[in-house]
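This document starts with one chain, in the form predicted alone, laid out as structure tokens.
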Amino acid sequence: MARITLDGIAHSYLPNPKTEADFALRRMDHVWQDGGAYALLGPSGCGKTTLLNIISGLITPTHGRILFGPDDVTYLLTEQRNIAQVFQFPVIYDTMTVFDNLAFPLRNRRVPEAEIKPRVDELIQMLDLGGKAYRKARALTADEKQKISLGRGLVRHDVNAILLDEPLTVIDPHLKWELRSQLKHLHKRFGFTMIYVTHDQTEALTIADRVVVMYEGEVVQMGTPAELFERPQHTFVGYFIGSPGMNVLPCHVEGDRARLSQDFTVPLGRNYGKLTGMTELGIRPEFVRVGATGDLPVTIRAVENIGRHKIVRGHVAGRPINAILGDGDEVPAEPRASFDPARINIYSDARLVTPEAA
């Protein structure tokens, strides 16, 4: 296992990049701890796979170094980095049996057969392939083949890191929860450094101890699921994490109050002084109260009952807003909204602002 250090990493697919816009990955300086479970989360095109391929050695970065522990591996070939990589679609040997596919990485490193069999048998049971251990892989379904790919990445215990690039894409939805849980269990058991690429926030928050959120070629926040939910450092993180995502409302901040329009202000509970740039108020739907009393009149356009709770979609001060109500709560005829001041985040040019000390 290895601690992974990104030292000034940046990458462009252009031969002579000149401006920041020319870079698919903008400068990164991050340390990922030995044995950590990390998820790279973000929309398509944000740089997740590029970063993963730099870590694996499939891409050499335009600028910067990558270190595994104290060793600079920037120019080492993939096979010299001692990593396991699982791709979006199955990469297996169709003419081999399930058992032989899983045993191949170990046999290739001359692990004794007496050690191979118990290790492979254990993985076969975990992947629910017990009845097909000696069946040729070409006879399996796409999701069963991908299970083999996952197993081949996990069968070795001596790797520096396991890199997974959206590995559950072809897996049946009802099996995804099971495989996520198994990945989490295997990580805790063997303690390998795991980096998991996904655009699915549920996968990221389920599998990872720390989530790395990427947006437009840069890391905008790295934190625990709770940190991403409660204190998103960037408006994109607030919008991307949560269902529905964080409400983001343009405002003018005046000390301890945010003015949403000429007629409506919201108490913040903390003093932010005088802010410049584009200022916005962020509030999760879970912390918006809708009832007969409140600071702001609400125009309701839809109420969605999803069983455990209701999502109220409306407008406040001419801006769209979402709120979450309990399943038994009713929306009054003349609804008003109020925000929990302790749960309000203020942003300047999309970045979280720290309030002034009391």
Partner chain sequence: MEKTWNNKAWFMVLPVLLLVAFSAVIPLMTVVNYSVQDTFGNNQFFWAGTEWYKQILASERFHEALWRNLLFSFIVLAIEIPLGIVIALAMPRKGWTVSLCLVLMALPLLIPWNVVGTIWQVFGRVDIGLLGHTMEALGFDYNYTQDPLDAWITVVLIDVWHWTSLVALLCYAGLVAIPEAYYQAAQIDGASRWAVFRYIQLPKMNRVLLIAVLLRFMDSFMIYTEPFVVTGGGPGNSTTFLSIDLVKMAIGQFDLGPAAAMSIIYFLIILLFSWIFYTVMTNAGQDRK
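Numbering follows the first chain given and starts at 1. These figures come from a predicted structure and were not determined experimentally. So that the term is clear: the rigid core is the largest set of C-alpha atoms that superpose within 1.5 Å between two forms.
Not on display, but discussed next: the form predicted together with the partner chain.
In the predicted complex, segment of 116-124, 197-205, 82-90, 221-229 with a heavy atom within 4.5 Å of the partner chain: Within 4.5 Å of the partner lies stretch 82-90.
Let me test this: is every residue among L58, P105 and R156 within 4.5 Å of the partner chain in the predicted complex, going by heavy atom positions? Checking in the predicted complex: L58, P105 and R156 are all within 4.5 Å of the partner chain.
Could you work out which of T78, S261, T141, S181 is the residue within 4.5 angstroms of the partner chain in the predicted complex, going by heavy atoms? It is T78 that has a heavy atom within 4.5 Å of the partner.
Could you spot which one of S243, T74, T95, N271 gets a heavy atom to within 4.5 Å of the partner chain in the predicted complex? The residue in contact is T95.
Tell me, yes or no, whether H174 is in contact with the partner chain in the predicted complex, where a contact means a heavy atom of each within 4.5 Å. H174 lies outside the contact set for the partner chain.
4.5 Å heavy atom contact, R109 and the partner chain in the predicted complex: The answer is yes: R109 has a heavy atom within 4.5 Å of the partner chain.
The partner chain contact at R284 in the predicted complex, heavy atom, 4.5 Å: R284: no contact with the partner chain in the predicted complex.
Is there a heavy atom of K188 lying 4.5 Å or less from a heavy atom of the partner chain in the predicted complex? No, K188 sits far enough from the partner chain in the predicted complex that none of its heavy atoms falls within 4.5 Å.
Superposed on the rigid core, does the Cα of P173 end up 2 angstroms or more away between this form and the one not shown? P173 C-alpha, core-superposed: shift of less than 2 Å.
With both forms fit on the core, is the shift of the CA atom of N82 between this form and the one not shown 2 Å or larger? No, N82 moves less than 2 Å.
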